[in-house]
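Shown here is one chain on its own, the form predicted alone, set out as C-alpha cells.
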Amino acid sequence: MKPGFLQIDNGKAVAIASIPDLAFDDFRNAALDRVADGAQVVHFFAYKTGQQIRLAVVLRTQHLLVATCDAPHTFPSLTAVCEPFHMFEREIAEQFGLRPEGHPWLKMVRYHANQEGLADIFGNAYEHDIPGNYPYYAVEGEEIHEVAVGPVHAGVIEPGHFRFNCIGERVLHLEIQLGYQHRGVEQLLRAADFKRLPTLAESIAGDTTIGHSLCMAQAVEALSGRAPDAGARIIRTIALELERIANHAGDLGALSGDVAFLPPANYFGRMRGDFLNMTLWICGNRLGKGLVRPGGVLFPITDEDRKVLSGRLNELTPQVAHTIELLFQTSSVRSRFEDCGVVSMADAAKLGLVGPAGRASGLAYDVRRDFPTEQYPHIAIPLSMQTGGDVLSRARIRASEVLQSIAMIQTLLAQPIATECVPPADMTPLAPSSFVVTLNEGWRGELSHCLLTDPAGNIERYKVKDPSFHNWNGLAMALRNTGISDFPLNNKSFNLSYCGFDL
C-alpha cells in the first residue's frame, strides 16, 4: 500500500491519532494518486476540532483507506484533476466556507444558512439562501429552448428542480437543483440527545429506514464496544433485504406504468404492499421504524414468525417470477427500455455511481460482497451486473435482486433465530478521540455513516452519505441526447431520494 493512508475495516473504530496527518499537498497528491489507480471516494469532508478546520478522506479499493490534514482556507481543487471529488468539494465549500480553486462547477448543494465568505465563493445570488437563485448553465443557439420542471411537483413528493436545455425534443443538458428542504440532519445527529440518534437516523430517508438506522447502529456499537448477538444480526439482514425487495418491486411497477403496461404495474404494486406487510409483521411498522437499535433489535423473530414469513414468501415467489417474465418478455416494453438513458461504464465510474445504477453500467461493486457485515459474510451473494447502462439494464438488475433477496431470506428463516432482543438502554460512553466508518448496501446502493468523537467521547462530526448523493448526476447524464418525453422513464429507473440528498 502506498504511504499516506491507514487501512481500516468497515464498522471498526480506530484512534484518530493513528490516522495519518498529512501536509495538505501530500494529502491531495495521495488521494489523487489512489483514485487514478482505481480507488473510489466514499467520503471527503471537513470537520472542526477546536478552532481548526480539518479534511478527511475515505477511499475504497479492496480495502478502506483514510487520511486527514489541516484544511487551507483556499486550496487547489481535486475535482479539476479528478471528477469523483466533484460533489464532495461543493459540500465542503458550503459547509465550511473553504474555496476549492479551479473547481469546474462550484454551486451550492443544500443552501446552508448565510455565513461569512459564502457569497464570495458562490456569488451574490446566494446571499438570501434561496435554492435555484443562481445562473443556470445555458446552451446558446437560436433553436435552443429551456424546459423547467418543479420544484413543486404533482403528487406527494419532495421538491426538486429540473432544467432541460433542448433542441427540439432532444435533451442537450439537464441540470438538477435540489436542497429545497435542507433539514440540518448531520447537525442534529451531532448535537441531539444521544437517545434520539435512532429516531433521527430512521428519518434520514423514509424508504431507507433500515439501511440508515443500521449504519448508525453499527457505528455506535463500534465506538461503545457492544456488539449485537448472532440472532439480532440475522434479523437485521432479513429486514434490510425486505426493504430492498419492497422498493425494487415498487420501482418495477412504476416502470411498467410509465410505458403504459398496466398488468405488471398493478401486480408489482400489490406485491410491494405484501412485502411491506412482512416488515410490519416483524416490528409493527411497514417501513421498519423501531426495529434496529444500537446493540441489537427491539423485536424477535419467533418460530411462529418464521413459519408465517416463510409461507408468505413461498406464496409470493412464483407470482414475482411470473410478473418479471411478463414484463421482460413483452417486446413493446423492451423496445422502450432498451438503449434509453444510457450511462457508459466510464461515465459511471467518474460519477461514482453505486448500487443498481452502477452495476447496470458494468461497475462490479456491492457492499454486501466487498465489505460484508451482519449475516452477509455467511451468505452466498451472486453479483447482479449488466453492461448496457440503460433503463433495461437498471430494470433487470432490480428484478434479479428481488429474486436473490427472497432466496437469501428463505435461507435465513430456515433455522431458529435466537436473540436476547434487549439492546442496552444507554450505549455511552463512546470511545474518545476515535473514528469509525460504516458501509451497507441499501436498496439504492452504498450507504455510509462516519463518526468522529472528541477527547470526552462526544460526537464531534457525524457525516452521512446516501447513495443518491452520487447518483443524481447519473440521471442527468442519462438524459443527454435522449428525448425529453423519456425523462419520467429514466427518472423512475434511478428512483433517487430527495430527502436522502437534502440532509
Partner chain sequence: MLTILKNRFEQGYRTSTYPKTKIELPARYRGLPKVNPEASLALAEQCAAACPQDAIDATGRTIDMGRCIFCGTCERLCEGGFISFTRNFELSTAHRRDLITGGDLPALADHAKKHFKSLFGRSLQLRQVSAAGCNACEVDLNVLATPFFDLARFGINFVASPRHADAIVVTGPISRNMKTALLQTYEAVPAPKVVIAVGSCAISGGPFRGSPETTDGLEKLMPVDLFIPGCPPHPLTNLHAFLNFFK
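Fair warning: this is a prediction, and the values are worked out from it, not measured in the lab. Positions refer to the first chain, counted from 1.
There is another form of the same protein, the form predicted together with the partner chain; it is not shown, and what comes next is about it.
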Exercise. Looking in the model of the complex, is the partner chain within 4.5 Å of a heavy atom from each of 110, 200 and 329?
Worked result: yes
Exercise. Can you check whether residue 338 is within 4.5 Å of the partner chain in the model of the complex, heavy atom basis?
Worked result: no
Exercise. Wondering, does residue 271 line up within 4.5 Å of the partner chain in the model of the complex on heavy atoms?
Worked result: yes
Exercise. Would residue 205 count as a contact of the partner chain in the model of the complex, using a 4.5 angstroms cut-off between non-hydrogen atoms?
Worked result: yes
Exercise. Any chance residue 158 has a heavy atom within 4.5 Å of the partner chain in the model of the complex?
Worked result: yes
Exercise. Which of these stretches, 319 to 327, 388 to 396, 360 to 368, 75 to 83, has heavy atoms within 4.5 Å of the partner chain in the model of the complex?
Worked result: 319 to 327
For this session: Find the only residue in 376, 299, 96, 164 having a heavy atom within 4.5 Å of the partner chain in the model of the complex.
Result: 299
Exercise. With the partner chain left out of view, which of 266, 411, 310, 433 would have a heavy atom within 4.5 Å of it in the model of the complex?
Worked result: 266
For this session: Scan 172 to 186 and note down the residues that get a heavy atom within 4.5 Å of the partner chain in the model of the complex; none is a fine answer too.
Result: 179, 180, 181, 182, 183, 184, 185
